[in-house]
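Quick setup: one chain, the form predicted alone, written in structure tokens, and binding and motion questions come after.
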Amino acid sequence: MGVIVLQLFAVPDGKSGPQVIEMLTKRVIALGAVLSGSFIVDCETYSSTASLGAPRSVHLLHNSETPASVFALLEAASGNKTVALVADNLFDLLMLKLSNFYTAKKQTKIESRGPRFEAGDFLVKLGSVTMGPAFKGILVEVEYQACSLPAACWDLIREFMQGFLGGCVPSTPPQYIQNRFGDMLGTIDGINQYLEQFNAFRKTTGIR
């Protein structure tokens, strides 16, 4: 596992989601990338019942890169801290058995799915984000597999991303990466970035 950077790509006026994915696919292939299947990252959110006191949420995320794992992110009652747990996929069944304490929020399941590409040490995933039947936007995931330390490879990642995403890629890393610039990153850091983006999409719909 290397450094993962998740980038929102704005859908231009007059373009549809599939048209943008097709455009980005051509750009990525022009850089020498090779299509290597597809991917999906999804998230379902459960809210605590009154019996647990102060309300809190549990976000369950699945990533096709790690099909045997479930990522459970528990929000503290204050809402400003998240506890991460990595479990096997039986955790989904456990949540069903905890229905007296946690219930799935209606109409909040959200996912990013699309084509997956390999370009040397880079993985690129072009994701169409949907919540229910509604298209929400485009998320582009880039992973540099040869390094786990953002401070050592951000410039290389930024240059690669700008090669097919253009000016939407800032010169400075996303805030999540900045906060961990000197740390060794892992799978959970990619999952945390997806949760941040998914929650931002939900807020634009008035659902969290």
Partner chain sequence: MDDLFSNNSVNVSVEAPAENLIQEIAYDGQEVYQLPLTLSENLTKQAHKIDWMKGDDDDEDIEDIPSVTSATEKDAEEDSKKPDFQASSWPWDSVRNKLRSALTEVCVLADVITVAKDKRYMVLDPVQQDQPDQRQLAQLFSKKRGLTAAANILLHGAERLKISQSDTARAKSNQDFHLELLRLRQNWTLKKIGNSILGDLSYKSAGSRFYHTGIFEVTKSEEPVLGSSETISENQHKPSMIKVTIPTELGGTAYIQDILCTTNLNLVHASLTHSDPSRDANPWTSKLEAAQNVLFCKELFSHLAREAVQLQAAIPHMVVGNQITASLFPGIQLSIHFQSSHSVGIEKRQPVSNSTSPIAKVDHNFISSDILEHSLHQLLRQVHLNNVGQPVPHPSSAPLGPTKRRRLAGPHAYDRDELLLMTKNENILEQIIRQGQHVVLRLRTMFVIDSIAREIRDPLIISHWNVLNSPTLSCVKIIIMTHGYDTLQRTALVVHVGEKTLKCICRDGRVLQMSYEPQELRDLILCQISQHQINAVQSLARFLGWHVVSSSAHLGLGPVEPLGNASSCILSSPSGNRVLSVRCGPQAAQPQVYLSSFPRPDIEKNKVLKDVRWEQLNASYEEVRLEKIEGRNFLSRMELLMASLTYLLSPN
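In this text, all values refer to a predicted model and were calculated from it rather than measured experimentally. Numbering follows the first chain given and starts at 1.
We do not show the form predicted in complex with its partner chain, though everything after this point is about it.
- Its partner chain is not shown here, but in the predicted bound form it comes within 4.5 Å of a heavy atom of E65.
- Among residues of the shown chain, L90 is one whose heavy atoms approach its partner chain to within 4.5 Å in the predicted bound form.
- Remark: S47 does not count among the residues lining its partner chain in the predicted bound form, judged by a heavy atom distance of 4.5 Å or less.
- A residue is said to contact a partner when one of its heavy atoms sits within 4.5 Å of a partner heavy atom; K136 fails this definition for its partner chain in the predicted bound form, lying far away.
- None of 155-163, 53-61, 169-177, 35-43 except one has non-hydrogen atoms within 4.5 angstroms of its partner chain in the predicted bound form; the exception is 35-43.
- Proximity to its partner chain in the predicted bound form, defined as a heavy atom within 4.5 Å, holds among A104, A119, V86, M95 only for V86.
- Taking N199, T187, T25, Q193 one by one, only a single residue has any non-hydrogen atom within 4.5 Å of its partner chain in the predicted bound form, and it is T187.
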